[in-house]
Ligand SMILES: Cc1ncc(COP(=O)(O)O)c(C=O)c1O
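What follows is a single chain, given as structure tokens, in the form predicted on its own.
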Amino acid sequence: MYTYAHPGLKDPEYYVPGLPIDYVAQRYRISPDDIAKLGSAENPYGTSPMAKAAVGDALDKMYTYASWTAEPLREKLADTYGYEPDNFVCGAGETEIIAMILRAFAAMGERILMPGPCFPMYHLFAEAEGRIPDMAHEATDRTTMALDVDVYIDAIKPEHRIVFLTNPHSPSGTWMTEAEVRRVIEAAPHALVVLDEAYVHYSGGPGYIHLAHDYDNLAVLRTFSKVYGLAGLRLGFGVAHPDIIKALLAVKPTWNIGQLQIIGGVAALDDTAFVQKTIDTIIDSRTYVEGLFAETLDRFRFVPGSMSNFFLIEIMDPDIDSNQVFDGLLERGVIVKDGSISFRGLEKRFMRSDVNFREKMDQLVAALADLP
């Protein structure tokens, strides 16, 4: 019997990504063009044109090692957000930085706090690294699916080494005010507070990346996967006090970021027209689909308050559950996330759907209305 892995890996749980179009097309014999992929929060417009062009021009550089700290990207991020390069760490997606934070700021057996439900990688990485995730399910209002800050603060204990926040929250897309975020940071001076802003662009505002100037126990994370359309390139970053960054540089894989990632990220940060077009489309479609739910559906509820490029669907019909709805939507060419599979604590009453073009929102609502 294999016994070399630590106990946290005895029966490992894996992240469940959104299904790919090719799989659904083949299984259900549906044309790929007729499938609405609403389970991965990808950019409906594709990749930033400026990033795509820059990566294409740099293909001849793939034979050389990149700066091990991704220095050109750190410098660009510093210019963009008003920091110094040594305030930044870059990762192969934001998820890699989450793993680095767990490794650097919590020892084996130490505890980490997160809302429940939340982005699964927080607890999956914690368990895989031999850390103990505490999920504060009691802090989530079951009607609004928003985080109750007072309850969450009460859940913070002296033994928590890391405290996670996500804004907009996943899976609900709900928003926390700056005052609320500050309260959590100040309630955990003994811990590293990690503010995950992966979806912040879709809030229509700048987010709270500036708070890393004010607190030396805060790390703010962002990704290039969403609004910049670089999910396949794998690129994210964190901003924090230089002492936090030094620790993260010590645990990260040395050459975790390649030449094309650095070059693509630098170019994407300048592609403001593409970013704004994406934001405008998502905000418009989000309002549109919420109206469709109110006008068309009575068995399903659009959970209000999303400031992201996804939203929760509550199943109001007691005779069906999320497994049945998920399968029924796949048969109709619509891919969403089954809450009971993707998020601990949602059980079988919720689905999560992306916000996409209006025609894809029409397809989602029509498919839900067509379910038996």
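Start at 1 and count along the sequence shown; that's the residue number. Given the structure is predicted, the values throughout are model-derived calculations rather than measurements.
From this point on, the text means the form predicted together with this ligand, which you will not see here.
Peer 1: Identify which of Leu248, Leu192, Ile98, Leu147 has a heavy atom within 4.5 Å of this ligand in the predicted bound form; exactly one of them does.
Peer 2: Looking at Leu248, Leu192, Ile98, Leu147 one by one, just Ile98 meets the 4.5 Å heavy-atom criterion.
Peer 1: Of the options Ile282, Ala126, Ala198, Ala188, which one has a non-hydrogen atom that comes within 4.5 Å of this ligand in the predicted bound form?
Peer 2: Contact residue from the list: Ala198.
Peer 1: Look at the stretches 224-232, 101-109, 147-155, 256-264 and give the one with heavy atoms within 4.5 Å of this ligand in the predicted bound form.
Peer 2: The contacting stretch here is 224-232.
Peer 1: Does any heavy atom of Gly93 come within 4.5 Å of a heavy atom of this ligand in the predicted bound form?
Peer 2: It does: once this ligand is placed as it appears in the predicted bound form, Gly93 has a heavy atom within 4.5 Å of it.
Peer 1: Wondering, does Thr174 line up within 4.5 Å of this ligand in the predicted bound form on heavy atoms?
Peer 2: It does not: once this ligand is placed as it appears in the predicted bound form, Thr174 has no heavy atom within 4.5 Å of it.
Peer 1: Is there a heavy atom of Thr140 no more than 4.5 Å from a heavy atom of this ligand in the predicted bound form?
Peer 2: So Thr140 does not count as contacting this ligand.
Peer 1: How about Phe119: is it within 4.5 Å of this ligand in the predicted bound form, going by heavy atoms?
Peer 2: Although this ligand is absent here, Phe119 would touch it in the predicted bound form, with heavy atoms inside 4.5 Å.
Peer 1: Pull the contact list for 147-184: residues with a heavy atom within 4.5 Å of this ligand in the predicted bound form, in sequence order.
Peer 2: Thr166, Ser170 sit within 4.5 Å of the partner.
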